[in-house]
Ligand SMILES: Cc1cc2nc3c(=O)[nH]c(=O)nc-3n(C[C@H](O)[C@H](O)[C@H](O)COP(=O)(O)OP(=O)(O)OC[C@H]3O[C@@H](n4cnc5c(N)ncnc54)[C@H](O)[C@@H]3O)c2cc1C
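Take a look at this single chain in structure tokens; it is the form predicted alone.
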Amino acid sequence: MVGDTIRDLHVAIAGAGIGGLALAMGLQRKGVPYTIYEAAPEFSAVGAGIGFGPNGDLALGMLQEGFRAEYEKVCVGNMPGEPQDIYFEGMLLQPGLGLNEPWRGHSAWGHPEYVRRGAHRQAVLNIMTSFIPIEKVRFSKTLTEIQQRPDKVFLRFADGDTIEASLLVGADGIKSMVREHVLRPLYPSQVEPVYADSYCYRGVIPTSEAREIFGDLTNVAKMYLGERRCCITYLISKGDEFNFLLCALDDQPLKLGNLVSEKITHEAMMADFDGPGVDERFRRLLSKAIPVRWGFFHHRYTSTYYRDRVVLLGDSAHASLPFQAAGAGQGLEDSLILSNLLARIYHATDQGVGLAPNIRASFTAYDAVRRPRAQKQLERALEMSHMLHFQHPDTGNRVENVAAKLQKGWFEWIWFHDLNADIESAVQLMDKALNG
């Protein structure tokens, strides 16, 4: 039986994705008891390339001081000899790619203090799990029911197993069962992720194959902008592999419905990038993708990240469109703040104090610090989608207009945020809630 004093604190984490693992890393380092419950039979990565931005890199280093050294061994930026402070260079999807346009050479965005880093998601996962004792993880645990009592949380799984915990952290992804528990009673319309009327095809190929198509354009990360279609490319796997997404707005908004992905024919996939407005090189690239449409979903509105002893983190809380490559970084910030608050509870001097007011105060502080910032990132990612697909009223169908907008401080508030100040603010809010 789980008690309800500080000495009895035990955290249940639903989901072993990037967010859940990051929280576990933080709790492990600070000595807070936890168990991860993962539906899959083993650690597994969905997707290929991943990057966190300077804020995410910093958060991971603060969560586990040994992470950064290992990450440096697997990450890659632009090719050696190319500028590493370029986040992406904007070009055209249409024939010619804009190579002869007057803006060519001036259409990149980044920051002098930005250093491009990206890696294969599986490599990042391997590093994160190296800091987590395997006995702290239980696999093949599909969560089916959550019951809250005044003094604990009961979790039931598909295999019939039932466990008790002091609190539950939902890091179970965009189609989160924990999100439904948190929001259904008061905000039922906010439970389901919203289809953003867009989808992508994605793939990873050897960089040597990519160079056969794009030549030295593979050396620097690119966003190729177009009318209702775009392409995003960058290097992973120490530069040996080339990650790409070919994205399109959906002419039939309800086609994907609540499905995250759907298999289609190769011919249907190729037809999405047919026509005179697309350079032939992109059709050559698309032919190397698996014919699966990956729908883009996001959580447009979220009125709270917690309900009593259950709290949301990462994509469960604020799933975002990928066009700022900042969603994972926001989940890492969640984990940093929440792990610090839970550690403050667990290491309190009086171990006999009841957990309920401490949990309530920590979740209130976490929600106040994290939700506005994550929501702003989500909204800006949607605006980025409008720009890349030439649907934004301010930038229209001009690459130079998009680049000019993104070069004027668009990313600085994400990348160079003061995370120590956020921790301090959250701790102060928690203490105020407990003592006020």
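The shown structure was predicted, so the numbers you read here are calculated from the model rather than taken from an experiment. Don't overthink the numbering: it's just position in the shown sequence, from 1.
Same protein, other form: the form predicted in complex with the ligand, not shown, and the subject of what follows.
Review point. Hey, of 284-292, 360-368, 89-97, 139-147, which bit sits against the ligand in the predicted complex at 4.5 Å between non-hydrogen atoms?
Key: Contact criterion met by 139-147 only.
Check your understanding: Given that the ligand is left out here, which of Y195, Y234, F273, Y306 has a heavy atom within 4.5 Å of it in the predicted complex?
Key -> Going through each option in turn, the one that passes is Y234.
Review point. Taking the ligand in the predicted complex as the reference, which of G110, G226, G77, P322 has a non-hydrogen atom within 4.5 Å?
Key: Contact with the ligand in the predicted complex is made by P322 alone.
Practice item. Verify the contact flag for R202: yes if a non-hydrogen atom of it lies within 4.5 Å of a non-hydrogen atom of the ligand in the predicted complex, no if not. Key: The answer is yes: R202 has a heavy atom within 4.5 Å of the ligand.
Point to revise | Interface membership of G51, the ligand in the predicted complex, 4.5 Å heavy atom rule | key: The answer is yes: G51 has a heavy atom within 4.5 Å of the ligand.
Review point. With a 4.5 Å heavy atom cut-off, would you call H120 a contact of the ligand in the predicted complex?
Key: No.
Exercise for review: Indicate whether M25 is a 4.5 Å heavy atom neighbour of the ligand in the predicted complex.
Suggested key: No, M25 sits far enough from the ligand in the predicted complex that none of its heavy atoms falls within 4.5 Å.
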